[in-house]
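As structure tokens, one chain now follows by itself in the form predicted on its own.
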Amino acid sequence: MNVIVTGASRGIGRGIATVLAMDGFTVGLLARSGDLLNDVREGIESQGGKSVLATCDLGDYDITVAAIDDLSEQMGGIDALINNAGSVVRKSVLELSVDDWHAMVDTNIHGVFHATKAVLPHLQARGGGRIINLSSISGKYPLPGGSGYAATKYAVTGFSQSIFHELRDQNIQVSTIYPGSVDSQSERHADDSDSSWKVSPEEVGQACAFILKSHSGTVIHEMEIRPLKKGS
């Protein structure tokens, strides 16, 4: 199965891409930084996995279409898309700047829409496929200091639930994952903070693999993945 992972250069996206590649999937790596993507690809290939890459600003629709078309050509088609790329700014609405807001909206909402629109012709050409959108626990249960982030993840939730109905008759399965606290560098408040209690990016990758390998006649519509214990 050929799978595109957006935001694959670091954090959760890197964990997802690595787990899938080690599980036999061919992974199309998509992110802004070519250097970081090359590092991910080299790590995957050193372990015997298969991956290709393309750089892309998901906030630009035309660039997104070109990048996904490029990945499709490199892989020989696309079977699934994982919309993982996201921007997190944790500030009170009193401190959240207009630029902070726009940055999250561009990636977390526009990016998901652009990548989905760009991949749909490829999935239709295959007779179906799978889309996994990463929302967040904040897309269901907002927390103080995350008003902008929660707003964008609620949008992902609503978009995902709607296209689930719109695409199911075309054999395109839409699933939404709601991670809780994940040990992602971008979400740490300090580099030396204890994150051992959090969900690892690789565990999110295992959840994606489970969905991708599920029966083609059913849909794992939503999945929450959280730490068993809270940090101190």
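Predicted, not measured: the structure shown is a model, and the values here were computed from it. Residue numbers run from 1 along the displayed sequence.
Another form, the form predicted together with a small molecule, is not on view; read the next lines as being about it.
T107 is the sole member of T157, T107, T116, S147 with a non-hydrogen atom within 4.5 Å of the small molecule in the predicted bound form. In summary, among the residues C56, V174, I44, A207, the only one with a non-hydrogen atom within 4.5 Å of the small molecule in the predicted bound form is C56.
Residue heavy atoms within 4.5 Å of the small molecule in the predicted bound form occur in exactly one stretch of 94-102, 158-166, 74-82, 129-137, and that stretch is 129-137. Taking non-hydrogen atoms only, S181 approaches the small molecule to within 4.5 angstroms in the predicted bound form. With a 4.5 Å cutoff on heavy atoms, Q170 does not count as touching the small molecule in the predicted bound form; it lies far away. The closest non-hydrogen atom of A31 lies within 4.5 Å of the small molecule in the predicted bound form. When the small molecule is considered in the predicted bound form, L120 lies well away from it, no heavy atom lying within 4.5 Å.
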